[in-house]
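Shown here is one chain on its own, the form predicted alone, set out as structure tokens.
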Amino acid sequence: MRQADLKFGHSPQTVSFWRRLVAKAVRQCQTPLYIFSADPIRRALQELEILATGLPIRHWLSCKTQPIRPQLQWWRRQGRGIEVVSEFEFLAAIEEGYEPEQILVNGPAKHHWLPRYSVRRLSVNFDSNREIDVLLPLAKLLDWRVGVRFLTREEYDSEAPEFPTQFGLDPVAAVPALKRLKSAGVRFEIAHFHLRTNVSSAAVYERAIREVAGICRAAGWLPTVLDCGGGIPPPHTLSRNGCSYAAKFNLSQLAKVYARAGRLFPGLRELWLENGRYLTARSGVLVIRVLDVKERRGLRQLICDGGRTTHALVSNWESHQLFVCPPRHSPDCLAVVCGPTCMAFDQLARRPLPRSIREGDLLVWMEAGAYHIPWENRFSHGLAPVVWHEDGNLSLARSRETFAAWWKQWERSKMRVD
């Protein structure tokens, strides 16, 4: 492995695993393409077993993080539940055969779409008093298991740290809402919070849990489920300045935090987690091909058929490992990996790469499993094919979008305007 790649922490075995899949996939599919595999998700779940120190833990698949049909199917076959935050995600879970008890509905403003579906025995976390007003009658009628999302002091807007995020009920609003739900005759069981992505340490979770416990005590409510959301940083992604998000995060310390949580909530029976990025970031790669090479002012510009604008928006704030197929062993020089769109923004990475990289070579962007698919952008190029790997087999999960399919989306029909 190149010295420049050691900072990302991937083992040579991991890189070899993806090299083998890339070599097989590009025989059948043109680039750019995504490859996703169930194997890394399985390994991530095994790593999170350390958190089970007392309370039973239920891991929910964060659908928004990676809404890929074969992955939803694979997860359901494991007997696990799915967390959805939009109407389309909800319908996808239904379509793929998830039982209502296996579906957790989160997210804001769901009172505008959830009433369209009379599904019994869902789990639903209310995000606002308005949601409670609209959805409470349905919760009674359809026997939902319900909870409240809390806004804790640990949540803030990353672009304006002095302001809280828009999610959940703050402590002032939460206490009367809890009292109202206690007496409403519904299965009111879940205390939920979700901090943000790439939480810096287990101590952040502990402070949030203690705050939620205090609010519940003030309302005289004893939840049976504590839903801590997600946010555990994946191990191999770096910030743009090269800092590891996971460097200070310790799963053993988080296990102790969760163990102490049981003492803060008398009657707690279950812990729920929704760690999308930790589970799925490592489960995918983006494969792009070098189409042209320019050299100017000491910089090699590798013009590729995929990039930031179309496939990897997270490269705007994250740095991921890149490797070359076939391997190139020449000395490194500063290079920028550019996508195919007519935007200066479309730069996937700027870093030392082998000088011998040439037109036709493949570049593989690792950790492409979280938020790459939901944020991908056609930008007049069409959606890329998606390949799924499971039990040693590759299958085409999505074909390349054709021009006909891309252009057909535009319709011209008369609308009656009174």
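Note that residue numbering follows the sequence shown and begins at 1. If you're wondering where the values come from, they're calculated on a predicted model, not measured in any experiment.
There is also a form predicted in complex with a small molecule; it is not shown, and the following applies to it.
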The small molecule in the predicted bound form: contacted by all of R196, E274 and Y371, heavy atom 4.5 Å: yes
If you check G262, G230, G81, P235 against the small molecule in the predicted bound form, which one has a heavy atom within 4.5 Å? G230
Of R282, R308, H192, K110, which residue is found within 4.5 angstroms of the small molecule in the predicted bound form when only non-hydrogen atoms are counted? H192
Test of understanding: in the predicted bound form, would H320 fall inside 4.5 Å of the small molecule by heavy atoms? no
Is there a non-hydrogen atom of N106 within 4.5 angstroms of a non-hydrogen atom of the small molecule in the predicted bound form? yes
Residue contact check: K64 to the small molecule in the predicted bound form, 4.5 Å heavy atom: yes
Here the chain appears without its partner; judged in the predicted bound form, the stretch of 173-181, 327-335, 274-282, 250-258 with heavy atoms within 4.5 Å of the small molecule is 274-282
